[in-house]
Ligand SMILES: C[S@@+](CC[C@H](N)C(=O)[O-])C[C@H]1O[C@@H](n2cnc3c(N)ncnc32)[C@H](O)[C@@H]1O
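First comes one chain, alone, set out as structure tokens in the form predicted alone.
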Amino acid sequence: MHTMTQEQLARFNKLVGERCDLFFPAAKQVVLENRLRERLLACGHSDYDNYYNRLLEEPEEMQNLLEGLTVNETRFFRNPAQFKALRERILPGMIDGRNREIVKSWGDETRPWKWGERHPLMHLRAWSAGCSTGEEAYSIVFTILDSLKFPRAWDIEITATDINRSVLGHARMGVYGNNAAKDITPDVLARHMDRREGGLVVKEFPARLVKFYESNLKDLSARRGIMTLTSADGLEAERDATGYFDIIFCRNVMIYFDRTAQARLVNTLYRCLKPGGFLFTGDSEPLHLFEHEFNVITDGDAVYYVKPS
């Protein structure tokens, strides 16, 4: 096998950035180099230039390369302070506000609503961006369900996206090892998961509310909030996400991007939130590095962001 030159490594780094905004500074280029060596061997190549050309010609091989370049570490209710804020501060205020609007709309002929129909305000939309194996998305839906007095009366939609197809396959199954229970309180576990031999499985109702899609955040930013969502059966659909979501979790994703791509993504996430919507980022992803229009909320150990109403 030929040794990769710095020039070749720089070409691969640029190509990966062009496809999905991943960026490897000098201190992290060993990750890219090791992954390239793995794929070179797996494909039977001995020359990096030939492999580079293959990436240009074969989208499937580019996908194989990308799937090993990020760490898919996650767990249920990761960063408990943020989920506490969601459960105790954000959702009660959001739900109470909508309930008040619903009561005000009764008898308003300009906003017709018939008994027996779900009121148009009775919906909650959340997005888990970079959802990995699904624990974050399921943690969100568990929290939402536990915050509603009559959850089945509401239209609840959790969109969960990742660029990595293999982790999405795991997420869609909703099956986890017994060690996952250590991060879930016994009452939440009893309401939303079943024990099975060797592990846990998400119950049918919460699982039905979470939809997992392959999606590229670079495309979302480039298209100013138009999401391209690929389902498990390979069907591709587009969604204009402008003002679509009440809550967005985009945690430990931007750490893989350079400063320009981070700023572009922050602006896109702002665009995708409804007025009054909330954004959660990772602890190492504070937004003070960028110009943005979010209001910053510090609630105990949790820091999160709200789009002004």
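Start at 1 with the first residue shown and count on from there. The structure displayed is predicted, hence computed values, not measured ones.
There is also a form predicted together with the ligand; it is not shown, and the following applies to it.
- Just one listed stretch, out of 176-184, 192-200, 145-153, 126-134, contacts the ligand in the predicted complex at the 4.5 Å heavy atom level, and that stretch is 126-134.
- Using a 4.5 Å cutoff between non-hydrogen atoms, E73 counts as a contact of the ligand in the predicted complex.
- The ligand is not shown here, but in the predicted complex it comes within 4.5 Å of a heavy atom of F257.
- When the ligand is considered in the predicted complex, K211 lies well away from it, no heavy atom lying within 4.5 Å.
- Using a 4.5 angstroms threshold between heavy atoms, T159 stays clear of the ligand in the predicted complex.
- Proximity to the ligand in the predicted complex, defined as a heavy atom within 4.5 Å, singles out one entry of H119, R89, R78, R172, which is R78.
- Scanning L40, V253, L65, L273 against the ligand in the predicted complex with a 4.5 Å heavy atom cut-off leaves one residue, V253.
- In the predicted complex, the ligand lies within 4.5 angstroms of at least one heavy atom of each of the following residues of 206-237: S215, N216, L217, K218, in sequence order.
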